[in-house]
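Given next, in structure tokens, is a single chain: the form predicted alone.
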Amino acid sequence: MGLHSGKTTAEKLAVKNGITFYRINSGKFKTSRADVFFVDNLSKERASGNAILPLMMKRGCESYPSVQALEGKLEELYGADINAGVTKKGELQFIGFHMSHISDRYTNGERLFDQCSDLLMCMLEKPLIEKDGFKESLFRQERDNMVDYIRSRVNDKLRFSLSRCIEEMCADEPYSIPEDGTEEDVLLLDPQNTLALYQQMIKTYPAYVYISGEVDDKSIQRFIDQFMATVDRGNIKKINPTNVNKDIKEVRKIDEQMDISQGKLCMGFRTFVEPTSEEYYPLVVYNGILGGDAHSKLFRNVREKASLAYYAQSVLEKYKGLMIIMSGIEAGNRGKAEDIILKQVEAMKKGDIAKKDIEATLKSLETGMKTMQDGQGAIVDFFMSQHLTESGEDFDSMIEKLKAVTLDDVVKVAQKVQLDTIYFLKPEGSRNEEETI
């Protein structure tokens, strides 16, 4: 477990009781970092409860029982940072805790990683509880904050329309559940049932731990031993694979109205490509050519040539096998915009792809992969993605696999892509151009 520079890699250090420890080797950073992720199957019953746990746990712990005490300690530790939150990847929910501090070599011999990891462990093991639940006053505050946050989702119309498209498209699948659940489910939480869920998380959810930056072997081993010794774990929960297949009987069309000036068009496609499949690499290139960048077909044809859209792009959901095309348009241009978008999807199936499009996409993807390595959080997210899909790729090997993609590979994967749902968020009182004929 020696210090490493140069190529960015992830090295598995230990696996025990459903916890896998990794060390990320990269000589780039002046900060050291530990990331802990607990993983659960995404479900309506637990999504909101899982989402409030990190909010409660970052309010303090037994040794630092207030935000002021916690912030004071972090200030002492050269302005160290502790954060927490939830994300979803496919039909899994990740409850993440992150700790970072400046590298020990800048601290005149102080062992910062040891002190910061002790603080992280205090948060994980000894949250603020009273009687048989979380501390009531804090819980009420965080539950109110969470309700406010969920209500505020509607303010970002692009993100809201994307979420609504996914909710409709995956209505009978776990993927339709938002990563932080729903307002009605948050309101069912109380300090007692949330503490019971915390006990489940800490004892039974599988976990991934990533340590990055310049941390010596002794400190890493101390952290692993501490983690193993203090958390009593058993009956580790089984994580379900995310299903990417669905029989599309007909394309669903959903229109909703809101007080907005610009329509939001979202077209949801199923790719039927597993993230573990070799077809995933051609799919990434396919998405890049279609709508991933300023050189893409959607950008050129919908936005620039036809001047129909304020933006036009496509995004992949790797784990669920979805591709969503998003466009901001005038309500009256909806039909034209849909037609041009679908023509671009058809052009991909026919292989109507210029060599320069593939070259520009590969260059853009390579730049993106290199830029990703400039952020510790992005590196951790990349490797966790590889570990989830058990692909074993690092940045260099993934770049090589993307560069090896041919036009035939892209055309082959294009045949699998099927339209599932069209969602349109339109200004109140507006009519579609079809209605005005």
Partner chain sequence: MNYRTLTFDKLGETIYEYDHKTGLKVFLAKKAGYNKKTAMFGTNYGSMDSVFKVQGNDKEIHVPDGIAHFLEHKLFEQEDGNMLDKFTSLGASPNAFTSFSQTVYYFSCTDLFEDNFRMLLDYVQNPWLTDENVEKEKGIIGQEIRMYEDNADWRVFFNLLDCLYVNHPVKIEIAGTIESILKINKELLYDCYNTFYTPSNMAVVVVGDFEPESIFSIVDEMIQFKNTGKVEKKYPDEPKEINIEYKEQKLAVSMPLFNMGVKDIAKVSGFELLKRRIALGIALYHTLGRSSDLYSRLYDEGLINDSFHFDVSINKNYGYLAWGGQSPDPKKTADIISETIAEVKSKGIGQEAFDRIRKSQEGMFIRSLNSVDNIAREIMDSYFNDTNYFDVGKAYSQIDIDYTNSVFREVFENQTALAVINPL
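The structure presented is a predicted model; accordingly, all values stated were derived computationally and were not measured. Numbering follows the first chain given and starts at 1.
This next part talks about the form predicted together with its partner chain, which is not shown.
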> Just one stretch in 206-214, 161-169, 258-266, 240-248 has heavy atoms within 4.5 Å of its partner chain in the model of the complex, so which one is it?
Replying inline: 258-266
> Of these, S364, T194, Q344, Q200, which has a heavy atom no more than 4.5 Å from its partner chain in the model of the complex?
Replying inline: S364
> Among the candidate residues T87, T182, T276, N145, which is the single one with a non-hydrogen atom no more than 4.5 Å from its partner chain in the model of the complex?
Replying inline: N145
>> Residues D293, R303 and G328 are flagged as a possible site; in the model of the complex, is every one of them within 4.5 Å of its partner chain by some non-hydrogen atom?
In response: yes
>> Given that its partner chain is not shown alongside this chain, does V315 nevertheless sit within 4.5 Å of it in the model of the complex, heavy atom to heavy atom?
In response: no
>> Considering non-hydrogen atoms and a 4.5 Å limit, does its partner chain approach Q376 in the model of the complex?
In response: yes
>> How about F299 - does it come within 4.5 Å of its partner chain in the model of the complex, if we only consider non-hydrogen atoms?
In response: yes
> Taking the shortest heavy atom distance, is A80 within 4.5 Å of its partner chain in the model of the complex?
Replying inline: yes
> So which residues in 50-78, when you check its partner chain in the model of the complex, have a heavy atom no farther than 4.5 Å from it?
Replying inline: K58, R59, V67, Q68, E71, G72, E75, E76, Y78
